[in-house]
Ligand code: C5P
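Quick heads-up: it's one chain on its own, the form predicted alone, in structure tokens.
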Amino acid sequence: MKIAREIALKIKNAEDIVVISHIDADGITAGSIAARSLERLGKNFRIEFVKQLDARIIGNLKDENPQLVWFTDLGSGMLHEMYGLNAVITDHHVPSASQVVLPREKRKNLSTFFDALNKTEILQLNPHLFNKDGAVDISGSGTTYLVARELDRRNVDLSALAIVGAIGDMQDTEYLKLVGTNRILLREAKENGYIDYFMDARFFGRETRPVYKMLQYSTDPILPTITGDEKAAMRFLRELGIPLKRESWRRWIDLTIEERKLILSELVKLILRMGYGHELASRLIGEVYILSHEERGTPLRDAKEFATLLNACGRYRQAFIGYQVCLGDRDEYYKRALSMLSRHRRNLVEGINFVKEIGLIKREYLQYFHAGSNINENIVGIVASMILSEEGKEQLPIIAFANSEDGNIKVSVRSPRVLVNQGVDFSIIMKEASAMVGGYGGGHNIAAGASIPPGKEEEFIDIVEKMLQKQLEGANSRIS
């Protein structure tokens, strides 16, 4: 790919490099891929993980004035702020509508104008620039890997991290497998012995959780009468004659093929009997991704569990711990990551219970809750996703509010896929609605977020609902 080679060349020509990446699983893996590839080149670099890329951070980088800044899993949406910064971007989020804008004083004459343009050329590799959907085609870690591969062919061993990042970004959820450019990376990882993939149950915790716990916490798909009920999950397995325990609690990977088939068959019958339909039942099975060199039965073996481990680190401002795990630590930092994961799971359960206690406020086109300071702003979006999944047939998107450390209000929205299929795009809604109340936002069509001033929540909800209604009416008119 030409642009990947051009970015690689620009990186090779710089000695002092700063890597800026996002704090989620995709960002941590992207940053790790960049760091390892720079290390192999012998470059002088530092890496920083940020929750949000804003004008202040970019301003600080301009003051520091490194030879090159490499933005991974972010940057495309802030291109308009980067005048004067020598940078490359490997991202997958919706790019800024405007390109690099020169200040008025820099346009005094044509020679100054074109000289400034040449000095501020920012190369970016982003699927949206090739008319591909950044929510499913490739993630930030994937675009970063494409550049790393151009830097040094040895970096093919980083392909597994690119897959973990894509899974962490939920790029497999729409089609129940990775598609598009992700598919190319996946085949490369498999051919080189780093990843294996096959069709199986899509449950989270296949490698590490007792089977009954895996069923109890299933949210994609929802298991009617079982999800959220430990006793019901255990009873379901006992009635099928499947032992829960031998020497220890049995995990999905410990079951025989016949036992797995029996469980899946009965779950399909249950979902259909409860009236949830074939679409929900079909989400039981999909591709799963196994990291071949990781120890069986650990959270690092399954890409989905690996990604969750990284997310647990990033959500609590400990992205550096996950970064060290990605780079190979299986001792001190790995233990700390496991501790973060346990904390993360406890907080999610508490968050879900809190929302159930206060209840969702439902309107015609959406539903929402305000967690205040009761749910960490960094996990409120995950809580919204889990609540949405538990609702099963409910097709209203959920907007979640939480108090942010910076004094603003964090907004996370999660949409049912059926609305996205109808043409709803929450990346646009969040960006435009937040700007109308003095904030900022963006993301993907199915999952997006924003930051808005306190006291603007009701106004924001009104704007979002009107925009959502307009998108839906536009989609319906096109269909008719």
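Each residue number is its position in the shown sequence, starting from 1. Because the structure is predicted, anything quoted here is derived from the model rather than measured.
Not on display, but discussed next: the form predicted together with the named molecule.
For the candidate set Thr298, Thr173, Thr181, Asn155, a heavy atom within 4.5 Å of the named molecule in the predicted complex is found for exactly one residue, namely Thr173.
Although the partner is absent here, Ser412 sits close enough that one of its heavy atoms falls within 4.5 Å of the named molecule in the predicted complex.
Using a 4.5 angstroms limit between non-hydrogen atoms, Gln52 touches the named molecule in the predicted complex. Although the partner is absent from this view, Gly351 stays clear of the named molecule in the predicted complex, with no non-hydrogen atom inside 4.5 angstroms.
In the predicted complex, no heavy atom of Pro66 sits within 4.5 Å of the named molecule.
Residues from 427-454 that approach the named molecule in the predicted complex with a non-hydrogen atom closer than or equal to 4.5 Å are Tyr440, Gly441, Gly442, Gly443, His444, Ile446, Ala447, Ala448, Gly449, Ala450, Ser451, in the order they occur in the chain.
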